[in-house]
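Only one chain is included here, represented as structure tokens and corresponding to the form predicted on its own.
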Amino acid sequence: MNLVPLFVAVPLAAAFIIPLLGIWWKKSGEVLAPVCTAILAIMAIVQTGAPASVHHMGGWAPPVGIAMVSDGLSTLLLIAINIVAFVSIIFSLKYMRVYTGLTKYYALFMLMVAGMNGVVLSGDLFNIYVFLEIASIASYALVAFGVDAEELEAGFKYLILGSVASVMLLFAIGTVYAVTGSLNMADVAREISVRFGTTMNPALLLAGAMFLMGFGLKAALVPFHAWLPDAHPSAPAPISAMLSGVVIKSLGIYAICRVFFHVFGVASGAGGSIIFANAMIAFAVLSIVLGGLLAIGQWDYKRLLAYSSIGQVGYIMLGIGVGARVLATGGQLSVAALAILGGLFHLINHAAFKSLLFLSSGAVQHATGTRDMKQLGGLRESMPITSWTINLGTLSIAGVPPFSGFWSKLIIIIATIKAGHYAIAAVAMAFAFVTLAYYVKVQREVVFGSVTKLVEKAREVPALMYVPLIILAIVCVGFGLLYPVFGARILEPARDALMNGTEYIQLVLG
């Protein structure tokens, strides 16, 4: 049985069924959303190791019809999206009880999941845009779900800047269609290769710049990051976990990888490849530096995590950008493979530990009523399970061995050195210590330290809230200790799929 279309069909059906049943059955979302996300998570795990495949919607073969493409890169993102969605939904069952309109919340959540799954499976540019808009519109509403002034302002800012990104992407897609006469990504890649080779077409160079800015805004890369520091702290904790854990990855990083490697042919040295690769590296370094500097001065727990996301996305993009530049300049394939592997490894690591940290912050706020770290302290006594998960998450993201974040950052830095970018590697290494500094601050102010009045009254959160934290903490430890087990199964196929644009064309077009 072909599972690929079900990744979109199941959450999309749930998004429409939940509000309809909610008219008579108020608990429809609390039952159907966990069941559907559990099914999707199991399907994503089952999809691991499956051969690459193409599903022709309506039986129409590409480039005329719509294709849904599943390869190693898609599978990696499907695993991240659907597992994080499942644990976030379980966390929501207790956390969201203080809100009203929960039927709408669960419907919007499933709509966001359907959009993200659609983006990572779509084989043509226009449907990437359609699914991206579905996920984005749902996320705009979810950021503002509490309807307080702060939440509405953050949601409005996110909507405005997200709309700017959408316009840039639509113009980029229109430009590509005008030049190549096709929207299917494999067909566009073939047209660009045959008609232009390694020459630089000005219209395609403009389209590439708009793609990089549009997807860069969705990924919150500096200087397109302005929406993120307000949106992530204001959103409910499960939505913050989704935004930072998987939304910025699927709508931003994944889309950049797919478009520039498989459409514009960065890996094959097509026209403009070096320019695009250099831009990726520049945005990555800016994100690492600015994200780290802004995070270290924060006392709002969730805002610190939000700025941290900017810096960590910079590490992901650094690995991808260095790999792209090595390939574009005809460098060693082994160095490019190492850099891209490091970037993808950090992508899935960040999905795990940042989701864990945002859900943990939600648990802390739920128990104490604040996210001001100056008013927190000594949680290890009143909330031992949450405190342990916070410690494991901070050690992972700070890059302390043997946790997962250490290995992915180490791989990225080694690959950057091997590629000859010594100054950039030094910056990445220095800001790894900056990351460690502000997460030591989190541990000191939140978990350890003197017990405050608010913490004295705090009690451990219900099991439905701490079990997702335990699951994600186990993932953080497992990714660090068991890389040989899962690396060859999900990371290396994703790396190979990204580097082999020719195989992608052959897979889709036959």
Partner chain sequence: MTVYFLCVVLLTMGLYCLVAKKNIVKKVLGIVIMDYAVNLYLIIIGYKTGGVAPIIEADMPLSTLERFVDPLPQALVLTSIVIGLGVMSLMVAMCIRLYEKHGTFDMSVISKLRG
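Residue numbers count along the first chain shown, from 1. Here the structure is a predicted model, which is why all the values come from computation and not from measurement.
Same protein, other form: the form predicted together with the partner chain, not shown, and the subject of what follows.
Using a 4.5 Å cutoff between non-hydrogen atoms, residue 133 counts as a contact of the partner chain in the predicted complex.
Residue contact check for residue 293: none of its heavy atoms lie within 4.5 Å of the partner chain in the predicted complex. For the chain shown alone, residue 129 is a contact residue for the partner chain in the predicted complex, at least one non-hydrogen atom being within 4.5 angstroms. Taking the partner from the other structure, the partner chain in the predicted complex has a heavy atom within 4.5 Å of a heavy atom of residue 230. Only one listed stretch (151 to 159, 89 to 97, 284 to 292, 252 to 260) carries heavy atoms within 4.5 Å of the partner chain in the predicted complex, and that stretch is 151 to 159.
Using a 4.5 Å heavy atom cutoff, none of 429, 464 and 467 lies near the partner chain in the predicted complex. Of the residues 400, 200, 440, 226, just one reaches the partner chain in the predicted complex with a heavy atom at 4.5 Å or closer; this is 226.
Note on the partner interface in the predicted complex: the residue among 414, 274, 333, 167 having a heavy atom within 4.5 angstroms of the partner chain is 167. Scanning 172 to 199 for heavy atoms within 4.5 Å of the partner chain in the predicted complex gives 174, 175, 177, 178, 183 in sequence order.
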